[in-house]
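As a starting point, one isolated chain is supplied in structure tokens, in the form predicted on its own.
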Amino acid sequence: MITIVEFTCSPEEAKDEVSLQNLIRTHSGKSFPYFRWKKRSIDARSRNIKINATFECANEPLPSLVPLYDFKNVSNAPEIHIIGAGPAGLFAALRALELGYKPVVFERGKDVRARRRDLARISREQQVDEESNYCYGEGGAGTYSDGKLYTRSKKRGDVDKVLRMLVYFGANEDILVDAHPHIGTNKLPNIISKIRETIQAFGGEIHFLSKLTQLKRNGNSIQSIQINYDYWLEVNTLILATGHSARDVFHILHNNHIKILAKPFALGVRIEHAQTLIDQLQYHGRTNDVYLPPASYSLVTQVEGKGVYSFCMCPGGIIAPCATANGEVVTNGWSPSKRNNPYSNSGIVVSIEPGDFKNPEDPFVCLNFQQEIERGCYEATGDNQKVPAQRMKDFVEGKLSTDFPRTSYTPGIVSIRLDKLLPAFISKRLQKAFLDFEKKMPGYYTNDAVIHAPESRTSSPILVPRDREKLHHVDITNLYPCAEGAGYAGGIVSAAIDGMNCVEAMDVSHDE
């Protein structure tokens, strides 16, 4: 029998097994020879920082947290075709193995190892491989953007199943415990490789450098797909698990009269502080504390009717170049598993809606705006992967920055007036938001912080509408638009859940 014991303790006690055993005895009235963390979170609202602790305790060895999965040999099973090998596509494939379908996955980019060389070229040579970059390739954007696993999408599906599967494939069990779990960009490639090897070992297929270039429909169904402008395949079921940056896929759908819609998204900048400053502000002066992880923050405000908020905050992280085409610049952030870099970065973005533009009915209106900003920032820096930058106070006060502290963005930065470069309805809201964030987090507003532009790939600016219950496209009954690229999920866990949900919905429809 497992007993649940809850208590709060100091960060020092949370790192000491003897102290934890004594606290469990004090709060339960019993001694347990076996115990393990169930949930862990930090309460830093007061100077007396506490750890909220929940433990599973027992008098006999505790059962494994990770079950064995019933993956079936599907070599000769009915096929389902999946476009994209990000978290949605990979977890859709894993669920297909469980349900007895053969997943055939097409990924436009390279395998997770080969991608590394292309990412290095972006920084070293300032050239983007338009099929292999931070967004395209095995594992998708999440592989090289920190591996954050926190999600509010508890109602979408089985969050714990996704986390347990990740542990099964090599993630640390801490992701089952921490309130804001993350894997780390340095550890994700091994996990992604093991997922692929499992899919292939049980009869599934994954094809790299295999891009969806066209499709044919027959009435209300997809009849066949074209790969690499080369060959056609007939399909019975097609799961579209492309990410938020696969712009060409949206055009393929639109050109085949498959309904898509403009969707709200967010755009702004990525700001970088020293991690020691964020630790000091969040932990009431404590810095470089071995008992506390690098501090994060979450900030939100309303400015002139629009939400302005922090996005994808990366403690101990790095700002990376995430363009998917030459002629544009895009920033994003990531952290290694230890989050031990000296910088802290976060997107600070403004909510944008189709109604903000003159032609909101145009399905590409938000995407076109996103592209316009990325191309404008590229042109402003001299046709390379350097990004426009400004110190925070200089940005708010409308001054050109004359010098910069060192930043983590390795291609380099160029001093530019971002209040002039970005549209006024973005820049003015950001300026007011930074002043408001100072009230919420005194010390945040400092000229030692550097703003990098743009942060533009927060989510898909296109929605591929689908039936709420059956999850297929509203008009195409064998097309399942999935996860972030279709506008239904953001982040690794929610995308993985959506991928699995689409396979389950497809399975039910086949039964019917």
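For clarity, every value in this text was computed on a predicted model and none was experimentally measured. Residue positions are given as counts along the sequence shown, with the first one as 1.
One more form of this protein exists, namely the form predicted together with a small molecule; it is left out here, but the text below deals with it.
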Position in contact with the small molecule when the complex is considered in the predicted complex, options I348, M392, L163, A246, heavy atoms within 4.5 Å: A246
The single option of V308, I373, V112, I83 touching the small molecule in the predicted complex, heavy atom within 4.5 Å: I83
Interface membership of E272, the small molecule in the predicted complex, 4.5 Å heavy atom rule: no
Contact flag, G490 vs the small molecule in the predicted complex, heavy atom cut 4.5 Å: yes
Distance check, C312 to the small molecule in the predicted complex, heavy atom within 4.5 Å: yes
4.5 Å heavy atom contact, T242 and the small molecule in the predicted complex: yes
Per-stretch contact check against the small molecule in the predicted complex, the hit in 435-443, 279-287, 350-358, 99-107 (non-hydrogen atom, 4.5 angstroms): 99-107
